[in-house]
Structure formats: C-alpha cells, structure tokens
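Quick heads-up: it's one chain on its own, the form predicted alone, in structure tokens.
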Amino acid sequence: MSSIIRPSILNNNQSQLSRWHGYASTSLLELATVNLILDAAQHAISARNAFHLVLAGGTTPRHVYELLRTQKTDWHFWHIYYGDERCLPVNDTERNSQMAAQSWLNYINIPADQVHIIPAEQGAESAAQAYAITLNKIAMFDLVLLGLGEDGHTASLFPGHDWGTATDASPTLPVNNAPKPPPQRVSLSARRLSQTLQLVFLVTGSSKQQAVSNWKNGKNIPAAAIKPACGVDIFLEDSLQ
C-alpha cells in the first residue's frame, strides 16, 4: 500500500485534507476497508456503546459488505444509515438499501430499528424531509463510506446540482433530475456527510481515472465538497494514482 497526503484548495478557499491510499489490487482494498470498519466499530462501541455508520451505494462496496457478514463483532451496537437512495419501490433490487440487505444486513443481527432506511418510495421531497428528522437525532457519525462516479459525483450529489455545502444546508437533499437513472433520488448533503469522525472514499475501476485526476488537480467536483474536520481517506487501486 502507498499513501499520499494532499490538501486540495477549492473554489471556496477552504481546503479538503485528502489522504490517498493506493492498493495493488481490488481485493486488498476491500480487505483494508473491512478492517478499517471493524476498527472504527470497536473504538466507537468502547467509547460510546454505539457505532453510527453511513453506507455507500453502487457496485464498489458490495463485496466489502459480503465480507463483513462473516466477521465477529457486537452487531447489536451498530446503527446503519445511507448516504443516498433511489426513489424506487421498497423491494426494488436497484435500491441501495436492498443491495446492502442482500449482501450483508440480512445475514447478521443488527436490530431492525437501528437500520435507518431512507423512505425513498415516498418521492424525493417527502423522503428527504422524513430522513432529515432521523438524522437530526445524531450529531456526528462515526464513519461515512462514499464512492466516486465517473463524473466526480458522490452519494447523489451531481455536478451542476446543489451539493448542500452551505453552513445552514439541510441534512438531506431531494434530487429530481439526476443525470443518471432514476432521476428522483434523496442524498445526504455535503454538510451532513462532513459531520463525521472518519470518512473513506472507495474508488475502483479504470473508468474513474479522469475523476481522480480532476480531484487531485483541485477541480471543484462533488467529492471535493465533502470536508470533515478529520479529513478524508481515499482508498483506490494503484492503477488510478
């Protein structure tokens, strides 16, 4: 593994402290992610008897979730949230909540009332309002997992859209015209995603090369708008460095 620490100076003159960690293979990246999640859980449970984790959607984290279901930990202390969701029926397999359930959550014993699903089937506006109430019950996440799209988007924060970076931005944003299907989504805002003790981006696949380059070169892409006080860690394949 190779690591580089780089402060990225963005258009609003506030830097995002980014730590880039390269891995020789996807499997090594996935294993490192599992170990990081378990370490964060152990620390949070020891300190506060609770671990508040925000899950990434999409294809990149799926195998991480499959690996997690075989691990030994105090699952009953875990609280699960989602960085974004697609406005589809509850059981639609394209929903992030369904992917996480089928690859991981259905196999372990986190209490059902501690898995906080975005009610995206209600539509973007209603679901965003409802999930904001859920999020307002917790001040800080322990760990946020995010991915990176080919266009630099993360969660459902897309170029050319409101990313919710203002200090008074809502914790959730309704998305009604996403550039990829489905057009209706709900996303945590950049401000709310930044309210965490640790944040990790998982980046795999050659199609992400341009987005990574733009990010490293200081372009104002959505991923660069996430600025927790702890900085961000980017786990990526060596070929993308």
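Computed from a predicted structure; not experimentally measured. Residue numbers run from 1 along the displayed sequence.
FYI, the form predicted in complex with 6-phosphogluconic acid (6PG) isn't displayed, but the following is about it.
Residue in contact with 6-phosphogluconic acid (6PG) in the model of the complex (any heavy atom within 4.5 Å), chosen from 189, 33, 60, 196: 60. Taken together, the three residues 86, 147 and 208 all come within 4.5 Å of 6-phosphogluconic acid (6PG) in the model of the complex, as judged by their closest heavy atom. Here the chain stands alone, but in the model of the complex its contact with 6-phosphogluconic acid (6PG), taken as any heavy atom within 4.5 Å, falls in 148 to 156 among 107 to 115, 72 to 80, 148 to 156, 124 to 132. Taking the partner from the other structure, 6-phosphogluconic acid (6PG) in the model of the complex has a heavy atom within 4.5 Å of a heavy atom of residue 180. Although the partner is absent here, residue 98 is not a contact residue: none of its heavy atoms lies within 4.5 angstroms of 6-phosphogluconic acid (6PG) in the model of the complex.
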